[in-house]
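In structure tokens, one chain follows: the form predicted alone.
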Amino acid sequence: MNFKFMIGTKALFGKGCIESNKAIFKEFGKKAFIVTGKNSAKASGALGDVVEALKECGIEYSIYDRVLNNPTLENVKEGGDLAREFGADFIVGIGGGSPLDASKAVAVLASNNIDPVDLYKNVFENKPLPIIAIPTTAGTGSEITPYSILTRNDLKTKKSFGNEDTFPAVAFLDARYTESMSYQTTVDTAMDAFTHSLEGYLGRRSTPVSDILAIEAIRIFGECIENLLNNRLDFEVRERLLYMSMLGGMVISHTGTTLIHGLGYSLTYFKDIPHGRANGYLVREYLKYNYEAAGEKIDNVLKLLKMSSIDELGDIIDKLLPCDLTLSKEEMEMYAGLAMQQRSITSNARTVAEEDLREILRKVFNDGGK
């Protein structure tokens, strides 16, 4: 019983939460810099609600809508420079994980004129601008974590930074904003949220408190599986998925992630596979690999999901995420080597060797997928 627990974000959850709490925007200044992508913020209605709230509060705003699907250092530098030139008092991030992660980097770069690679030092002369985060997907939980995961083209992978100052100050979570997601994006992001809690629960950095949150999130995922399989995604289901995603963000804020994320980044970087889907492909072999180190907890995961075996869960994930990807021996060697450079690997329940990762990839992708 030796742990610490802190969530630096005020979470406001529920339908119409921006409208009901719009006065909060006034607490952060007179100039808002909105960080988002091209489409999801508009399509979801979130951008319209934010702009209306800002106007009613008399807050000037500027919109940066050029965040990439996998934001790079160059991408966030552009946003940071523009926020600084605008004289922003605070940042509003709207979207999926990419805009929310980018908003944290922009918040740092707006108040610190540094080379973006220095974000990874995690120590900044000036505090980042305050961040208000509004998710339009139910996957990353980035609205409640300090992490910003950015693409490092120089390293051919993704790397995260974050400290206690990069927690968003406020998160508005309204499941209406997730209703514009396609079915496949809903499944992909739900798998991302599930793996956050799964990895946090099984990883070495788990705590008694994070386990409580993880267990609740895993249970909710189990209750939503039939709806996901049959594309029955009404507002109630989407609200539960968003709640699960938020809980997963709380979990990994304290535990970090493990082997799944370490390996999955290469699938996204080199094969353009959405992050949550890449994670899902690896779940079956991840659980089998870690059973000797975390068997009791894995059995509890299966119980929470009402599954009789790892293979039953794996078969359901295969239905949700059909996979026909194959990898060459050279690709598997490269991906395993890159994963070993990720700090998430050190949090895995079972000590990982590079040859173990190659074997996991072989089992998943060398036979044409599952």
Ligand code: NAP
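Numbering starts at 1 and follows the sequence shown. All values reported here derive from a predicted model rather than from experimental measurement.
What comes next is about the form predicted together with this ligand, which is not displayed.
Student: Among 52-60, 325-333, 39-47, 24-32, which stretch has residues whose heavy atoms lie within 4.5 Å of this ligand in the model of the complex?
Tutor: Only one stretch passes the 4.5 Å heavy-atom test: 39-47.
Student: Could you spot which one of S266, S98, T166, S210 gets a heavy atom to within 4.5 Å of this ligand in the model of the complex?
Tutor: Spelling it out, the residue with a heavy atom inside the cut-off is S98.
Student: Within 4.5 Å, heavy atoms only, which of Y201, Y281, Y147, F90 is in contact with this ligand in the model of the complex?
Tutor: Going through each option in turn, the one that passes is Y147.
Student: Kindly indicate whether T140, T178 and I252 are, all three, within 4.5 angstroms of this ligand in the model of the complex, using heavy atoms.
Tutor: Heavy-atom distance to this ligand in the model of the complex: all three under 4.5 Å.
Student: Is G262 close to this ligand in the model of the complex, meaning a heavy atom pair under 4.5 Å apart or at it?
Tutor: No, G262 is distant from the partner.
Student: Even though the partner isn't displayed, in the model of the complex is G80 close enough to this ligand, meaning a heavy atom within 4.5 Å?
Tutor: Heavy-atom contact with this ligand at 4.5 Å: absent for G80.
Student: Taking this ligand as it sits in the model of the complex, is Q342 in contact with it (heavy atom to heavy atom, 4.5 Å or less)?
Tutor: So Q342 does not count as contacting this ligand.
Student: Quick one: is T258 in contact with this ligand in the model of the complex, heavy atoms, 4.5 Å cut-off?
Tutor: So T258 does not count as contacting this ligand.
Student: Pull the contact list for 191-220: residues with a heavy atom within 4.5 Å of this ligand in the model of the complex, in sequence order.
Tutor: D192, H196, in sequence order.
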